[in-house]
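Below you will find one chain, with nothing else, as structure tokens; this is the form predicted alone, and questions on how it binds or moves follow later.
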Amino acid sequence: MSKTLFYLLMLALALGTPGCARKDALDDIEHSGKLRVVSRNSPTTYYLDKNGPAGFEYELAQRLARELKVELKIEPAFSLQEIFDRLTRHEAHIAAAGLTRTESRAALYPHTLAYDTLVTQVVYRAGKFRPRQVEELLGMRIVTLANSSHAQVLQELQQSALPELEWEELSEGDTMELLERVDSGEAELALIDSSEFEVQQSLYPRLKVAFDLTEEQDMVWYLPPGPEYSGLLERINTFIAQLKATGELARLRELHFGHTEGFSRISSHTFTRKMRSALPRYEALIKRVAKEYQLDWQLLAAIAYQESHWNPRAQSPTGVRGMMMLTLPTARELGVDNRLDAEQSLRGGARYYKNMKRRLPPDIKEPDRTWMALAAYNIGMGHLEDARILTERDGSDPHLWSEVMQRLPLLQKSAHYKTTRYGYARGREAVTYVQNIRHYYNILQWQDISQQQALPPVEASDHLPARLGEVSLKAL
């Protein structure tokens, strides 16, 4: 039986069985006080970090739950098939999992307005053969996720133009496993959503985009089949439209993906190499100092890398030295006697960063507070304030890093810096400084999370002895 026929049968059973009429989904959510959402476990959708649930799709769903004044109950699925199976069985109200709109899916499941777009990219390992058009995919070892829109694109290519095209589908893998296979040489190509590759490329700096396989595709949420979901669908569409109109959706994207913009593959490769060679020598020390100053150790490590590449003897032509590249006057002010002592330097840098953060206005909230403290660490509190004033003059919000970072480079232009209290500053460098640290911080966090990532449930029968399995079947 084909998958499409299976879904149609399930739909017919759900809608056509006498006495099985379902109550309105929106009423059910409000009555139960719970919004049930199924998602994928990935850095672009939903994952658990040290503070609890996180991810772009999680944040969107959490905002919807708050608007509906209910609790969000989000559960991970370990395959795309499982996501749609749960919708078919009405075990979730929404699938929020970075899913593209396809004709086959839209024929079976209601879907929302598009809240973003992406393209399907063909990814290869640098130094290996790079295909540049679909005809060159023939004979190559290609991997993709089972039941994905990518697999559908390959099927369409096979049926229309390339009957000899072959590929492997992973039923319970994720995009990270696809990238691992290409990185290790087990596969030559992987099909990945552009948004996912943008975020995860930093972990696999040897991988590059060969070419875009599709035009832009809409990203949507899917709902279970049935007329009882029409009210919920209308409410979600209004919610998405409002997020777009207010700019909140763009701000949320910047929060989760802004750190990847403009970051080179070479920089990522250098960072991942240093993570293996230099970081292990100082990781315990960084963690200890971070704990003393109540900082995320990954943030302190990211700052130290940006400053010195974790080199305690680093020195610049301007005279700043050490792991945190402190000036001599700053070191004296912070009580650092030996700038080349890694522990003293880390403590001095942590103290200086905390001072910057403490001096910011109290109405700047996280995570913008962290990014602005880093900008002040680099450029000084006075110049940061000048940029915030320029932001306010433009009618934008000086409490948001995404707005302030656009005005910092103006401090290099005389038409603007002449109107400020502290004058000229290398504002563009400050933006690069913060964005680099955000990128390193994200890599370190995701590396930590991926090592502790939950595995898909294992079927009990996989661990039963053959004889015991036979006995159980006979008993049934």
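Note that the structure is a prediction, hence the values are computed from the model and not measured. Each form is matched to the other, and the largest set of C-alpha atoms that superpose within 1.5 Å is called the rigid core. Just count from 1 along the sequence shown to find any residue number.
Beyond the structure shown, there is the form predicted together with ligand GLU, which is absent from this document and is the topic of what follows.
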Any chance all of 307, 434 and 436 sit within 4.5 Å of ligand GLU in the predicted bound form, going by non-hydrogen atoms? no
Can you pick the one in 148, 201, 378, 298 that has a heavy atom within 4.5 Å of ligand GLU in the predicted bound form? 148
Could you tell me which one of 225, 98, 76, 205 places a heavy atom within 4.5 Å of ligand GLU in the predicted bound form? 98
Partner contact check in the predicted bound form: of 188-196, 163-171, 340-348, 389-397, the stretch with a heavy atom within 4.5 Å of ligand GLU is 188-196
Using heavy atoms and a 4.5 Å limit, would one call residue 80 a contact residue for ligand GLU in the predicted bound form? yes
Is residue 105 part of the interface with ligand GLU in the predicted bound form - any heavy atom within 4.5 Å? yes
At a 4.5 angstroms cut-off on non-hydrogen atoms, which residues of 171-192 are near ligand GLU in the predicted bound form? List them in order. 175
When the two forms are laid on each other by their rigid core, does residue 58 show a Cα shift of 2 Å or more between the shown form and the other one? no
